[in-house]
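This document starts with one chain, in the form predicted on its own, laid out as structure tokens.
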């Protein structure tokens, strides 16, 4: 059966009405929104055809029609009008991005929270390492009470530090030489090789030095191992309760629990497309079969990308969410492209 121009217009009307109202749509309501004159009988026939073709569903015999996942997919691919953000929307996102963030880790961790605030749906954010990081540089700094701050710069430009208390005292004058030793033997390698090299040095350095080296290498190896795993942050799961699709408390709680306890199973597309939309059954995980997910990716830097996903009912406003998510991701890519320059902090009066 051919999907004519009129059928596509009717499908578009039904989808957009259902997004707005969450109510099935009957033939009379469709007639009122058609661009030309058409009888209710003709629309009823077209609705029946669209249902038979799998683009619409009829919840009850006497009810109107609602979109099916197949209908949403055609709408997203061909019928949806791409949204352009208003000046107010772009200003809102720009304000969010410039809100006192102190480092790359904080940006990634808060990305989902920021998006949830201006799309009104649950979100998740992923720090996706396309390759494992290594230690690029070490620095040891002496502090009072014989403490040592170990500073580790990673190959993905993150800088981490930890206050260590050496088991045996090491003088501040020896720290530059120990830093040199670390930079000579423990940069550019994986965690297991770090441990192997540490063992090889055990007979070559004095005991108090080796104990401190062991603490620093153990810390750096943990950072490198962490970079081999995806970090996933979720936010706004309780937003689901606003939507009629989740009036069934058990259904809402099941999805909220999934986002909290199984967040590593949330979709992380591998092909790097700027924005992807997964509708209902297109989601691999059963917990998302009755939901839709919109995911945007942004470039962070060396061997790393970020993703922000929005989870909601299949009735979500795809055009509005995709536009906002796309602008947010493009802004983050531009921000990190400026040598990881974060937005300026707001000055407190």
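In this text, rigid core is short for the largest set of C-alphas that superpose within 1.5 Å between two forms. Residue numbers count along the first chain shown, from 1. Model, not experiment: these values are computed from the prediction.
Just so it is clear, the following notes concern the form predicted in complex with the DNA, a form of the same protein that is not shown.
Legend entry - Exercise: residue 324 in contact with the DNA in the predicted bound form, heavy atom 4.5 Å: Output for residue 324 is no: heavy atoms all beyond 4.5 Å of the DNA.
Inset, instruction - Indicate whether residue 297 is a 4.5 Å heavy atom neighbour of the DNA in the predicted bound form. - result: Judged by the heavy-atom cut-off of 4.5 Å, residue 297 is well away from the DNA in the predicted bound form.
Inset, instruction - Spell out, yes or no, whether the shortest heavy atom distance between residue 44 and the DNA in the predicted bound form is within 4.5 Å. - result: The answer is yes: residue 44 has a heavy atom within 4.5 Å of the DNA.
Legend entry - residue 26 within 4.5 Å of the DNA in the predicted bound form, heavy atoms: It does: once the DNA is placed as it appears in the predicted bound form, residue 26 has a heavy atom within 4.5 Å of it.
Inset, instruction - Within 4.5 Å of the DNA in the predicted bound form, which residues of 56-73 have a heavy atom? Give them in sequence order, or say none. - result: Heavy-atom contacts within 4.5 Å come from 58, 60, 61, 62, 63, 64, 65.
Legend entry - Core-superposed comparison between this form and the one not shown, residue 34 Cα displacement 2 Å or beyond: Yes, shifts by 2 Å or more.
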